[in-house]
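Presented below, as C-alpha cells, is a lone chain in the form predicted on its own.
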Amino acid sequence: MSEQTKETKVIEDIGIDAGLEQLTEEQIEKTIMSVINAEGGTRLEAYTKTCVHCGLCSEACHYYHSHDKDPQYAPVGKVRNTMWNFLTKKGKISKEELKRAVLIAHTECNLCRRCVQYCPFGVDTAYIIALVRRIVHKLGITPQYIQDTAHSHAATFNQMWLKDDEWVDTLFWQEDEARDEIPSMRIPLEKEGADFMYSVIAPEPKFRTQLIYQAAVIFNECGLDWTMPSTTGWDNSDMCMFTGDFEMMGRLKRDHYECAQRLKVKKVVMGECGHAYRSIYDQGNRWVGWRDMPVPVIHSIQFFWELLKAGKIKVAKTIDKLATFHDPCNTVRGMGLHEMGREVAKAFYPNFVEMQPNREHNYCCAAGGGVINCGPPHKMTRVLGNRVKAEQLKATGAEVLIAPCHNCHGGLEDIIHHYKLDMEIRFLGDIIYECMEKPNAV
C-alpha cells in the first residue's frame, strides 16, 4: 500500500464526514440512480459500455506515475471505484465506499483530460468523474473548503466574499498606484460600448492585485478601448462547476454574460485563468441553454498574442534566463492555445527549453479541477500525487517557469517548494508588463 493510500484513509473533512452521518441507505441509492438515469443518460452508457478496461489510460495520469504505477490511481481504476461501483450495485453503496468515492473524485482526479488523449475510444473519464461529483453534491458530502467557495459564489457572485464596494475600491487603489508610474493611467469603469470588458477571478483583488495593475498598464500603453464592471459579473471563476452545483454555475455564467451585454461591449477578455475560461465558453453557457455565446469570449493568452502580432505590444527588452512553458489543461487540451502561449513567452525569454512531454501531452499541475480548492486537509494528496511533474520540471534545468493560469501557479508553487526546485513562476501579463515599451511612463 502506498504512502498516499494510507494518508487518504485517515483524512478528516467535516464537509464529507458530517454529511455522511446524516444520510440513509435509501437517500444514497435514490440520489445515485436519479443522477445516473436523469443526467448521465446515453452519454454515460456509451462510455461505460465502450471501455474495454485495456488500461492504456494509465500512462496518462500523473497520480498513477507518481505512485509507482499503482493501478488504483489509473483513470480506469478511479472509474471502477466510483461510477462502475455505483452502476454495478445499482446505488446500494455503503458510507465507507461513498467516502472513498468522494476522495477519489475530488482529490485524486484533476479532470485534466490527459487520459482522453490515450484512450483508443475517446472515453472521457473527466466527464464520468464530474458526474460522480454531481452525485456527491446532491448528497451534501462535498469537501468543506470547496463547498465554502461555492457558497461564496451563491451569496456574493464571487469566490472570495468580496463586497461590491471592496471590488470598486480595489480598482481605484490600483489605478492610483499605477498613476505614479503612468500619470494618464485609468481603469475605465462602466464604460458602455467599449471594445472589450476585462474580467478576472476573485483571488486577483484579494491576493494578486498587482495583476490588475499590470493588465491595466498593458491595455493603457497599447491604446485600447476597454472597461471593467462595478457590479457582479466581474468574477469569472467557478468552483460550482467543479462541485457539481450546476444550477449555481448557470446563474454565475448568466450574470457574467448579462453584465457584458449591459455594458454593450464587443467581447469579453478573460484573465489568465484556465477553469474560468472553460466554464464560460464551454459548460456554464450550455447549462443555461444558450446554443452560442451571446458575447464573444477570448482568453488573455490569445489576446496578448494578437496584440504582439499587431505590433501594439512592443518588446523593450528580453530576459536572458532559461525558461520553460507549462501548458494549462483548459487552455491547451481544451482550447489549443499552446503555440500562441509559446510565441508570447519566447518574445521575452528567447532562451527557451521545452518540458517533455509538452503541449496537449503535458502533465497537469495537480491543482486544477477544483482539487486545490479542497483545502489544507487534502494538500499532500495532490503534492505527493504529482511527483512526476516535479521530475519533469527539474529535467528542464529552467530558471523560470511560465504558467498562464492561477490554479497552475498555486499547484506548481507547492510542488516547487515541496520537491525543493529552484524555479521562479511567472504569468504572461507579469512578463509583458516588465518588458514592453511604455511610452507614457514617467
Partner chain sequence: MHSIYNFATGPLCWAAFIIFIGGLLLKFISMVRRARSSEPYIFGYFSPYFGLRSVIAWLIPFVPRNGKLNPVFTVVTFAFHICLLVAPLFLMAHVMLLQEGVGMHWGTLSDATADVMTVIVLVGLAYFAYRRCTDPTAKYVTGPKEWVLLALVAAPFLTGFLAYHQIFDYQVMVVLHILSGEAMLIAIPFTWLSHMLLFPMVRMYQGSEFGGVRHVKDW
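Residue numbers count along the first chain shown, from 1. Being a predicted model, the structure only gives us computed values, none of them experimental.
If you look for the form predicted together with the partner chain, you will not find it shown, but the lines that follow are about it.
Taking a 4.5 Å heavy atom cutoff to the partner chain in the predicted complex, the contact residue among 173, 207, 121, 161 is 121.
Of the candidates 268, 132, 201, 76, 76 is the one whose heavy atoms come within 4.5 Å of the partner chain in the predicted complex; the others do not. Although the partner is absent here, residue 397 is not a contact residue: none of its heavy atoms lies within 4.5 angstroms of the partner chain in the predicted complex.
At a distance threshold of 4.5 angstroms between non-hydrogen atoms, residue 332 is in contact with the partner chain in the predicted complex. The partner chain is not shown here, and in the predicted complex it never comes within 4.5 Å of any heavy atom of residue 385. Contact check for residue 116: a non-hydrogen atom falls within 4.5 Å of the partner chain in the predicted complex. Residues within 4.5 angstroms of the partner chain in the predicted complex, judged by any non-hydrogen atom, belong to 66-74 and to none of the other stretches in 407-415, 23-31, 369-377, 66-74. In the predicted complex, 51, 52, 53, 54, 55, 56, 58, 59, 64, 69, 71, 72, 74, 76, 77, 80, 81, 84 are the residues of 51-87 with at least one heavy atom within 4.5 Å of the partner chain, listed from first to last.
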